[in-house]
Each structure stands twice: as structure tokens, then as C-alpha cells.
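Only one chain is shown below, in C-alpha cells, and it's the form predicted alone.
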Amino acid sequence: MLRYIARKLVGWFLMIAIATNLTYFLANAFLKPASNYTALRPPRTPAQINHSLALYNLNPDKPILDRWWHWMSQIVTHFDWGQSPTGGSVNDQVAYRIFVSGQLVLGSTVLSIVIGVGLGVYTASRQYKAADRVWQGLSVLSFNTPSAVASLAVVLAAIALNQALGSTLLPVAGAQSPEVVGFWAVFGSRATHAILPTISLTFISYAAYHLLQRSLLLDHINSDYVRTARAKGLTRKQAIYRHGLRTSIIPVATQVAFAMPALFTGAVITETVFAWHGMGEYFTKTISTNDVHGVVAVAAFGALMTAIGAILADLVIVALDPRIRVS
């Protein structure tokens, strides 16, 4: 097992390195960091702009290979991913925003999986009954609801609740209250502020797991091995949980593992509506500000999350399916 994981780690490390370096050259080819200085007043000359960019290893007059070597050397020796065109540290931005997005992504992902898989088993065992049709209708509605609509609906409902109570029970903006101090006060404030965006993300995410789990489980309920289990004395519920669910949940687990990178950088609209400064917002900001080093750091983070998801998916499949052996 350890040898298998080590081979996977080496392979994914090489793929991340190749993808990150290709992104660096593409970003330098298409992004123009000098645009951050052209609108300043008084206007600056091209020589002054290039001098400012040279401080951050972004001078377009310097050969691209020289800039790349300096950038790569800083990463290898100091794990320094560079600066933005205006001097902001990419390391500081990414470290803070991963923590912010992690609060949203982990909570909403766990809730989405629990609700989605639970509903998939519940509705598959009651195929074509009233409960199955009602939950399917709700999940189809959720699946087709844009994230902006879901977020705004949650905000409006929270505002109405706060007005009815006469106090702010559920904050609708920000990751925490700025006036709170102390560990437990900050922890409570962050937990309270995370409720609404977590509800919004969970609402638009659980339906995919529900519909997939229901479809896969229906394929296995009438399989020979499930009928054999029932013939040996298990009830229908026991046969589904002990045999049908274990096999049918494998594709769902794989989907969850590969969805993590998209969740970290894809919750752009939710983070914008609730004023959370996470990786999704940073991803759009780096492109709009022609931040070459920021774009590459986000791409590298996405590749790292994909690698972690792929390795976790392999381990989950091995754990769930005894027919598969790691070699």
C-alpha cells in the first residue's frame, strides 16, 4: 500500500510541476501586469512602469526564461510564490483565503454528502412512491437553481427573520464580526457567519449526490447478489445497506473526491454574495488584475487538490470493494 501511494505521489508531483510551469508561461503570454499602472495619475512612462514591475520580477523587457528561473528558484528555496503587480504577497493571500474557503467547502461538502446519499438510499428503496417523487422533484429544482438565486433567496429569508426577531440572529455578510476579540468569541462569530453560505452551497450541491446515488442503487437492488443475500434471511433493508449500498456508493465517493478542487475555487458567486474573501474570489481577482504570480498559485493549488482527490478516491475504492487490490 505504501509503495502504491508513493508511486502515486511521485506521478502527481510531476504532473503538478508540469501544469504549474505551463500555466506560468501562458499567464506571462496573455496577462499584462503593466495595466495596473497605466491608469495612475500623474501618468507614468513605460520605463517607470517597467522599473516598478522589475521589483516584483514582472518586467516584460527581461527575458521570460530569466524571470521563470528567478520565480522557480524562490519557490524551491523559500516557497515564495512571488508578488502581485502592486507588491502584495501571493503567499499571504493564498494562506488566508484557503482558510476562509475551507470553512465553507468542508462544512457544505459533508452536509451535501450526508443529505444526498441518505436521500438516495431512502428514495431508491421507495421507488415510484409519493416520497420518491416528491424528493426527486425537490432535488431536480435544487439541481437547476443557479447559485446566485439560491444565495440571494437565503439572504432575503435571513433578513426577514432578523427583522421579525428585532435582532441580528443570522449575519448575512462577512466571515466574522470585526469587533469580537478572543478565541471563543471569534470562533462563535465565524460559526454564526458560516451558517447562511453553508446552507446556500449545500442546497445547490446535495441534489447531484441524491440523484446519482438513487440511480446507482436501483441498478444494484435487483442484482443477483442482493437477491441471494435476501434468500439467506436478510430483510430488504439489511440487504440494501450491507450489500447494495456498499457497491453503489463507489462512484459517488469518486465524484466527491474529484469535486473538491472545483468547490475550493468555484464558489465565486456564493463568496461574492456573502462577502467572503476566499479562493473563488481570489481566482477572479488575479485574472482581472493581471496578477501572473497569483494566477499560477491558484492553478497550482487546484492541481494539488485534484491530486489529493484522486489519491483519496483510489483509497476509498479499495476500502469499499474487496475485489480490488492495490499492487
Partner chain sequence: MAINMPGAGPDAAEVRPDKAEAQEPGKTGPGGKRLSPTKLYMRRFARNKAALGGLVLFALLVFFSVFGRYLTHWDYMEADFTALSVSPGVDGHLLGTNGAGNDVYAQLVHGLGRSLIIAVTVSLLTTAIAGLFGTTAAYFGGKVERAMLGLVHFLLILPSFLIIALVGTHYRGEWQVLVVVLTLFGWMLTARVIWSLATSLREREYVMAARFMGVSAMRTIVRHLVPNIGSLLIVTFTLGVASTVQAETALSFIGFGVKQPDVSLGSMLADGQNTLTTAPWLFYLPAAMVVLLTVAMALIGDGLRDALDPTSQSGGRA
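Here the rigid core means the biggest group of C-alpha atoms that line up within 1.5 Å when the two forms are laid on top of each other. Residue numbers count along the first chain shown, from 1. These figures come from a predicted structure and were not determined experimentally.
The protein also exists as the form predicted together with its partner chain; that form is not presented, and the subsequent description refers to it.
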- Indicate whether its partner chain has at least one heavy atom within 4.5 Å of a heavy atom of Ile18 in the model of the complex. yes
- Message: Taking its partner chain as it sits in the model of the complex, is Phe143 near enough to touch it, meaning that at least one heavy atom pair lies within 4.5 angstroms?
- Response: yes
- Give a yes or no for Leu58: in the model of the complex, does one of its heavy atoms lie within 4.5 Å of a heavy atom belonging to its partner chain? no
- Query: Could you tell me if Leu170 has a non-hydrogen atom within 4.5 Å of its partner chain in the model of the complex?
  - Reply: no
- Task: Considering its partner chain in the model of the complex, find the one stretch among 298-306, 63-71, 50-58, 36-44 with heavy atoms no farther than 4.5 Å from it.
- Result: 298-306
- Pick from Ile250, Leu111, Leu218, Ile159: which residue has any heavy atom within 4.5 angstroms of its partner chain in the model of the complex? Ile159
- Item | Val318, Leu312, Leu9, Leu22 - the one with a heavy atom within 4.5 Å of its partner chain in the model of the complex | Leu22
- Since the partner is left out here, which residues of 150-178 would have a heavy atom within 4.5 Å of its partner chain in the model of the complex? Leu152, Ala153, Val155, Leu156, Ile159
- Query: Core-aligned, does Leu26 move its Cα 2 Å or more between this form and the one not shown?
  - Reply: yes
